[in-house]
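Given as C-alpha coordinates, the chain that follows is alone and in the form predicted on its own.
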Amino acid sequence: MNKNYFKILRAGINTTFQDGGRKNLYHIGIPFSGAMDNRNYLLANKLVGNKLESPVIEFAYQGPLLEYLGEKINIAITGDVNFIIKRNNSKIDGVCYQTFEIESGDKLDIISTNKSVYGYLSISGEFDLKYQWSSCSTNTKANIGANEGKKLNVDQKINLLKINKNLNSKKLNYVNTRIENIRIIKGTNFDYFSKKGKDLFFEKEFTISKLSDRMGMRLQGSKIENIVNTNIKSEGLIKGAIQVPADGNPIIMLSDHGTIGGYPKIGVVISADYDKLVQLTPGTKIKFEEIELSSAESLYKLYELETQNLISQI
(Lines give C-alpha, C1' and ligand atoms only; values in the text may rest on other atoms or scores of the structure.)
Protein backbone atom coordinates (compact mmCIF):
# COMPACT_ATOMS: atom_id res chain seq x y z
CA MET A 1 0.00 0.00 0.00
CA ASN A 2 1.29 3.44 -0.93
CA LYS A 3 2.21 5.36 2.24
CA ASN A 4 2.07 8.83 0.64
CA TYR A 5 -1.25 9.92 -0.81
CA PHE A 6 -4.03 12.49 -0.91
CA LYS A 7 -7.65 11.63 -0.21
CA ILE A 8 -10.22 13.76 -2.01
CA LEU A 9 -12.84 15.08 0.42
CA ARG A 10 -14.30 17.49 -2.17
CA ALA A 11 -13.46 17.19 -5.82
CA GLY A 12 -14.14 20.76 -6.94
CA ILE A 13 -15.89 21.80 -10.13
CA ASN A 14 -13.43 20.70 -12.82
CA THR A 15 -10.34 19.12 -11.30
CA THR A 16 -8.02 17.17 -13.59
CA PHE A 17 -4.40 16.15 -14.06
CA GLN A 18 -2.57 18.19 -16.70
CA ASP A 19 0.95 18.52 -18.03
CA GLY A 20 2.52 20.03 -21.14
CA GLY A 21 0.08 18.27 -23.45
CA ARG A 22 0.30 15.90 -26.42
CA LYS A 23 2.37 16.83 -29.43
CA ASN A 24 2.01 15.84 -33.10
CA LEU A 25 -1.25 13.88 -32.84
CA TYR A 26 -3.64 16.22 -34.65
CA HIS A 27 -3.56 13.93 -37.69
CA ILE A 28 -5.33 11.19 -35.72
CA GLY A 29 -7.84 13.54 -34.10
CA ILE A 30 -6.09 14.01 -30.73
CA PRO A 31 -5.85 17.66 -29.59
CA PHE A 32 -2.92 19.13 -27.70
CA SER A 33 -4.81 19.44 -24.36
CA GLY A 34 -2.44 20.18 -21.45
CA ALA A 35 -2.59 22.99 -18.90
CA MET A 36 -4.83 25.85 -20.01
CA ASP A 37 -2.56 28.56 -18.55
CA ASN A 38 0.92 27.39 -19.50
CA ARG A 39 2.83 30.08 -17.59
CA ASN A 40 1.15 29.31 -14.29
CA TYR A 41 1.63 25.57 -14.92
CA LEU A 42 5.39 26.00 -15.42
CA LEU A 43 5.76 28.28 -12.38
CA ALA A 44 3.94 25.76 -10.18
CA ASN A 45 6.44 23.03 -11.05
CA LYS A 46 9.47 25.27 -10.66
CA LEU A 47 8.41 26.37 -7.17
CA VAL A 48 8.47 22.80 -5.82
CA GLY A 49 11.63 21.80 -7.67
CA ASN A 50 10.02 19.50 -10.24
CA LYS A 51 10.84 19.13 -13.91
CA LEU A 52 8.89 21.80 -15.75
CA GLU A 53 6.83 19.26 -17.73
CA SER A 54 5.70 17.32 -14.63
CA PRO A 55 1.97 16.68 -14.07
CA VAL A 56 0.02 19.02 -11.81
CA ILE A 57 -3.57 19.25 -10.65
CA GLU A 58 -5.55 21.86 -12.55
CA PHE A 59 -8.81 23.14 -11.07
CA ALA A 60 -11.42 25.63 -12.21
CA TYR A 61 -13.36 28.11 -10.03
CA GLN A 62 -13.62 25.93 -6.89
CA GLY A 63 -10.72 23.60 -6.22
CA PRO A 64 -10.56 20.34 -4.27
CA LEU A 65 -10.42 19.73 -0.53
CA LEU A 66 -7.60 17.23 0.02
CA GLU A 67 -6.40 15.35 3.07
CA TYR A 68 -2.75 14.36 2.97
CA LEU A 69 -1.32 11.24 4.57
CA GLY A 70 2.41 10.52 4.41
CA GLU A 71 5.86 12.07 4.72
CA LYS A 72 6.30 15.82 4.68
CA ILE A 73 6.13 17.46 1.24
CA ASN A 74 6.05 20.93 -0.22
CA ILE A 75 3.09 22.19 -2.20
CA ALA A 76 2.61 25.32 -4.27
CA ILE A 77 -0.45 26.87 -5.87
CA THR A 78 -0.31 29.31 -8.78
CA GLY A 79 -2.97 31.54 -10.26
CA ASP A 80 -5.20 33.90 -8.32
CA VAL A 81 -6.50 31.47 -5.71
CA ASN A 82 -7.91 31.50 -2.18
CA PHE A 83 -6.76 28.48 -0.16
CA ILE A 84 -6.00 27.42 3.40
CA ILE A 85 -4.17 24.59 5.14
CA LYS A 86 -5.90 23.05 8.15
CA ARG A 87 -3.56 21.48 10.73
CA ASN A 88 -5.09 20.06 13.90
CA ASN A 89 -7.10 22.99 15.28
CA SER A 90 -5.13 25.68 13.47
CA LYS A 91 -5.49 27.29 10.05
CA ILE A 92 -2.73 28.54 7.77
CA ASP A 93 -3.72 31.12 5.17
CA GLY A 94 -2.32 30.20 1.78
CA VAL A 95 -0.39 32.53 -0.50
CA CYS A 96 0.02 31.84 -4.21
CA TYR A 97 3.52 31.53 -5.70
CA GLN A 98 4.94 30.35 -2.39
CA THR A 99 5.75 26.86 -1.12
CA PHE A 100 4.07 25.45 1.98
CA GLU A 101 5.15 22.38 3.90
CA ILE A 102 2.32 19.98 4.65
CA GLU A 103 2.37 17.06 7.08
CA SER A 104 0.42 13.85 7.46
CA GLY A 105 -3.15 14.65 8.48
CA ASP A 106 -3.13 18.17 7.05
CA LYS A 107 -6.07 19.24 4.92
CA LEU A 108 -5.57 21.50 1.92
CA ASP A 109 -8.72 23.45 1.09
CA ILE A 110 -8.57 25.19 -2.28
CA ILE A 111 -11.59 27.41 -1.78
CA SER A 112 -11.88 29.30 -5.06
CA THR A 113 -10.18 31.19 -7.81
CA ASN A 114 -10.48 34.96 -7.54
CA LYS A 115 -11.98 36.67 -10.61
CA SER A 116 -10.23 34.06 -12.77
CA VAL A 117 -10.87 30.49 -13.90
CA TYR A 118 -7.86 28.17 -13.53
CA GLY A 119 -5.38 27.43 -10.77
CA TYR A 120 -2.60 24.87 -10.39
CA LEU A 121 -1.45 22.65 -7.53
CA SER A 122 2.03 21.15 -7.63
CA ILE A 123 3.75 18.88 -5.12
CA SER A 124 7.43 18.21 -4.40
CA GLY A 125 7.24 14.76 -5.89
CA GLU A 126 5.56 12.71 -8.55
CA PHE A 127 1.95 11.63 -8.85
CA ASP A 128 1.39 7.93 -9.62
CA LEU A 129 -0.28 8.34 -13.02
CA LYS A 130 -0.69 6.43 -16.26
CA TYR A 131 0.53 8.15 -19.40
CA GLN A 132 -1.15 8.01 -22.80
CA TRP A 133 0.77 9.15 -25.87
CA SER A 134 3.57 10.49 -23.66
CA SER A 135 1.23 12.67 -21.60
CA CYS A 136 -1.07 12.33 -18.61
CA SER A 137 -3.23 15.33 -19.61
CA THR A 138 -6.90 14.58 -19.05
CA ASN A 139 -9.36 15.26 -21.86
CA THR A 140 -12.77 14.50 -20.36
CA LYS A 141 -14.59 14.88 -23.69
CA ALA A 142 -12.60 11.99 -25.17
CA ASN A 143 -11.80 10.08 -21.92
CA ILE A 144 -8.10 10.37 -22.68
CA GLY A 145 -5.29 10.64 -20.14
CA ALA A 146 -4.78 10.06 -16.43
CA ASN A 147 -7.62 8.94 -14.17
CA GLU A 148 -9.17 7.11 -17.15
CA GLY A 149 -9.78 10.46 -18.79
CA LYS A 150 -12.17 11.64 -16.08
CA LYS A 151 -12.35 14.44 -13.54
CA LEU A 152 -11.24 13.68 -9.99
CA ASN A 153 -13.98 12.41 -7.68
CA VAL A 154 -14.87 12.46 -3.97
CA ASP A 155 -13.23 9.68 -1.87
CA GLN A 156 -10.68 8.99 -4.58
CA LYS A 157 -7.02 8.52 -3.59
CA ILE A 158 -4.16 10.24 -5.36
CA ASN A 159 -1.04 8.18 -4.76
CA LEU A 160 2.45 9.68 -4.87
CA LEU A 161 4.99 7.57 -6.72
CA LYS A 162 7.89 9.32 -5.06
CA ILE A 163 8.57 12.48 -3.08
CA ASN A 164 11.33 15.04 -3.16
CA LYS A 165 13.08 15.26 0.23
CA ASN A 166 14.33 18.78 -0.54
CA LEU A 167 11.83 20.99 1.29
CA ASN A 168 13.50 24.34 0.69
CA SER A 169 11.09 27.25 0.86
CA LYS A 170 10.55 29.10 -2.43
CA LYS A 171 8.63 32.25 -3.29
CA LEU A 172 7.99 34.38 -6.35
CA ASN A 173 6.65 37.91 -6.35
CA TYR A 174 4.21 37.73 -9.24
CA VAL A 175 0.77 39.20 -9.87
CA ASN A 176 -1.53 37.96 -12.63
CA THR A 177 -2.75 40.75 -14.88
CA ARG A 178 -6.03 40.80 -16.78
CA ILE A 179 -6.45 41.39 -20.48
CA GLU A 180 -9.37 42.98 -22.32
CA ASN A 181 -8.03 43.61 -25.82
CA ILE A 182 -7.36 40.23 -27.41
CA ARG A 183 -4.91 40.42 -30.29
CA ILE A 184 -5.54 38.25 -33.32
CA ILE A 185 -4.27 37.58 -36.81
CA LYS A 186 -6.65 37.08 -39.75
CA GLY A 187 -8.18 33.64 -40.12
CA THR A 188 -8.17 31.56 -43.30
CA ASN A 189 -11.80 32.49 -44.02
CA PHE A 190 -11.56 36.18 -43.14
CA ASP A 191 -13.07 37.22 -46.48
CA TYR A 192 -16.20 35.13 -45.89
CA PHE A 193 -17.50 37.99 -43.76
CA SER A 194 -19.04 41.29 -44.87
CA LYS A 195 -17.28 44.59 -44.33
CA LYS A 196 -19.90 45.41 -41.72
CA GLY A 197 -19.31 42.06 -40.04
CA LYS A 198 -15.54 42.63 -39.94
CA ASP A 199 -16.01 46.17 -38.60
CA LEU A 200 -18.33 44.91 -35.85
CA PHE A 201 -15.85 42.18 -34.95
CA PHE A 202 -13.11 44.70 -34.25
CA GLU A 203 -15.16 47.66 -33.00
CA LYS A 204 -17.70 46.09 -30.67
CA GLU A 205 -17.34 44.31 -27.33
CA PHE A 206 -18.19 40.64 -26.90
CA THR A 207 -19.28 38.96 -23.68
CA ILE A 208 -17.88 35.59 -22.63
CA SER A 209 -20.76 33.14 -22.32
CA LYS A 210 -21.34 30.66 -19.50
CA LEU A 211 -21.23 28.01 -22.22
CA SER A 212 -17.42 27.91 -22.12
CA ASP A 213 -15.08 25.12 -21.03
CA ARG A 214 -11.68 23.62 -21.83
CA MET A 215 -12.90 22.87 -25.36
CA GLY A 216 -14.10 26.31 -26.41
CA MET A 217 -15.12 29.81 -25.34
CA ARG A 218 -18.46 30.99 -26.71
CA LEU A 219 -19.01 34.71 -27.13
CA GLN A 220 -22.15 36.82 -27.30
CA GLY A 221 -22.53 40.20 -28.96
CA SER A 222 -23.01 41.71 -32.38
CA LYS A 223 -23.74 39.06 -34.99
CA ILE A 224 -20.93 38.66 -37.53
CA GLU A 225 -22.47 38.52 -41.01
CA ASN A 226 -21.27 35.80 -43.38
CA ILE A 227 -21.67 36.64 -47.11
CA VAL A 228 -20.24 33.45 -48.62
CA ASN A 229 -21.23 30.30 -46.74
CA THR A 230 -21.87 29.60 -43.07
CA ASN A 231 -20.38 26.13 -43.51
CA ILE A 232 -17.18 24.96 -45.17
CA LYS A 233 -15.63 21.58 -45.80
CA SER A 234 -14.20 20.47 -42.46
CA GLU A 235 -10.56 21.41 -42.12
CA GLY A 236 -7.92 21.46 -39.43
CA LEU A 237 -8.27 23.63 -36.33
CA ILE A 238 -5.68 24.97 -33.94
CA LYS A 239 -5.85 26.34 -30.42
CA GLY A 240 -7.02 29.96 -30.50
CA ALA A 241 -8.86 29.71 -33.84
CA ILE A 242 -12.08 31.77 -33.86
CA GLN A 243 -14.94 30.08 -35.69
CA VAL A 244 -18.19 31.83 -36.56
CA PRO A 245 -21.20 29.49 -36.91
CA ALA A 246 -24.48 30.38 -38.62
CA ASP A 247 -25.82 32.32 -35.60
CA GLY A 248 -22.98 34.85 -35.97
CA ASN A 249 -21.62 34.38 -32.42
CA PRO A 250 -17.85 33.64 -32.41
CA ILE A 251 -16.38 30.57 -30.68
CA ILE A 252 -12.71 30.51 -29.65
CA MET A 253 -11.10 27.06 -29.76
CA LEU A 254 -9.34 26.20 -26.50
CA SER A 255 -6.98 23.42 -25.40
CA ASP A 256 -9.36 20.43 -25.77
CA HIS A 257 -10.84 21.65 -29.08
CA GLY A 258 -11.84 19.30 -31.86
CA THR A 259 -9.09 18.91 -34.44
CA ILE A 260 -11.34 19.65 -37.45
CA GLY A 261 -14.33 21.93 -37.93
CA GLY A 262 -16.72 23.16 -40.59
CA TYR A 263 -17.37 26.75 -39.52
CA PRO A 264 -15.52 29.64 -41.21
CA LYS A 265 -12.63 31.10 -39.20
CA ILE A 266 -12.41 34.86 -38.91
CA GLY A 267 -9.21 34.97 -36.86
CA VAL A 268 -6.76 33.30 -34.51
CA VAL A 269 -5.83 34.52 -31.01
CA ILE A 270 -2.08 35.08 -30.79
CA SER A 271 -0.14 32.71 -28.52
CA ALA A 272 1.10 35.56 -26.32
CA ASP A 273 -2.47 36.38 -25.24
CA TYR A 274 -3.76 32.82 -24.78
CA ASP A 275 -2.85 32.27 -21.10
CA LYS A 276 -4.61 35.47 -20.05
CA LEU A 277 -7.59 34.82 -22.34
CA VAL A 278 -8.43 31.46 -20.71
CA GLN A 279 -8.47 33.08 -17.26
CA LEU A 280 -11.33 35.43 -18.18
CA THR A 281 -14.59 34.49 -16.47
CA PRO A 282 -18.08 34.32 -18.01
CA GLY A 283 -19.61 37.78 -18.20
CA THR A 284 -16.28 39.45 -18.98
CA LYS A 285 -16.33 41.83 -21.94
CA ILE A 286 -13.51 41.65 -24.48
CA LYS A 287 -12.53 43.35 -27.74
CA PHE A 288 -10.43 42.07 -30.62
CA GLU A 289 -7.48 43.87 -32.17
CA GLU A 290 -5.89 42.80 -35.46
CA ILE A 291 -2.10 42.61 -35.72
CA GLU A 292 0.28 41.27 -38.37
CA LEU A 293 1.87 37.82 -38.20
CA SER A 294 5.34 39.30 -37.72
CA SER A 295 4.11 41.23 -34.66
CA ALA A 296 2.45 38.10 -33.27
CA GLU A 297 5.74 36.22 -33.59
CA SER A 298 7.66 38.99 -31.81
CA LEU A 299 5.10 39.17 -29.01
CA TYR A 300 5.27 35.40 -28.53
CA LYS A 301 9.06 35.50 -28.24
CA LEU A 302 8.77 38.34 -25.71
CA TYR A 303 6.14 36.44 -23.68
CA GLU A 304 8.30 33.30 -23.64
CA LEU A 305 11.30 35.37 -22.53
CA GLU A 306 9.26 36.92 -19.70
CA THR A 307 8.15 33.45 -18.61
CA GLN A 308 11.73 32.16 -18.58
CA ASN A 309 12.83 35.20 -16.60
CA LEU A 310 10.14 34.46 -13.98
CA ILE A 311 11.24 30.83 -13.81
CA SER A 312 14.87 31.89 -13.30
CA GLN A 313 13.85 34.06 -10.32
CA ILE A 314 12.66 31.00 -8.36
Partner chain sequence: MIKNISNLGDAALYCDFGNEVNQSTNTEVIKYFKSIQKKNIEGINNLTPSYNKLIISFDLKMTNFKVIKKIVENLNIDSHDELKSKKIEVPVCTHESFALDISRLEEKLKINRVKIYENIFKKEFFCYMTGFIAGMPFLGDLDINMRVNRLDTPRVKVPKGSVGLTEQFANIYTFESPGGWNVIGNSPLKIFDSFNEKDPNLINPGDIVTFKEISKDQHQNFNE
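Computed from a prediction, not measured in an experiment: that's the story for all the values here. Positions refer to the first chain, counted from 1.
Absent from the display: the form predicted together with its partner chain. The rest refers to it.
Taken together, the three residues 32, 132 and 144 all come within 4.5 Å of its partner chain in the predicted complex, as judged by their closest heavy atom.
The closest heavy atom approach of residue 61 to its partner chain in the predicted complex falls outside 4.5 Å. Contact annotation: residue 236 falls within 4.5 Å of its partner chain in the predicted complex, judged by heavy atom distances. Interface residue remark: residue 270 is counted as part of the site for its partner chain in the predicted complex, having a heavy atom within 4.5 Å. Although the partner is absent here, residue 50 sits far enough away that none of its heavy atoms falls within 4.5 Å of its partner chain in the predicted complex. Across the options 93-101, 118-126, 166-174, 134-142, residues that bring heavy atoms within 4.5 Å of its partner chain in the predicted complex belong to 134-142. Contact with its partner chain in the predicted complex, judged by any heavy atom within 4.5 Å, is made by just one of 228, 232, 161, 111: 232. Between its partner chain and the residues 13, 302, 9, 293, the one pair within 4.5 Å by heavy atoms in the predicted complex involves 293. Contacts to its partner chain in the predicted complex (heavy atom within 4.5 Å) from stretch 184-205: 185, 188.
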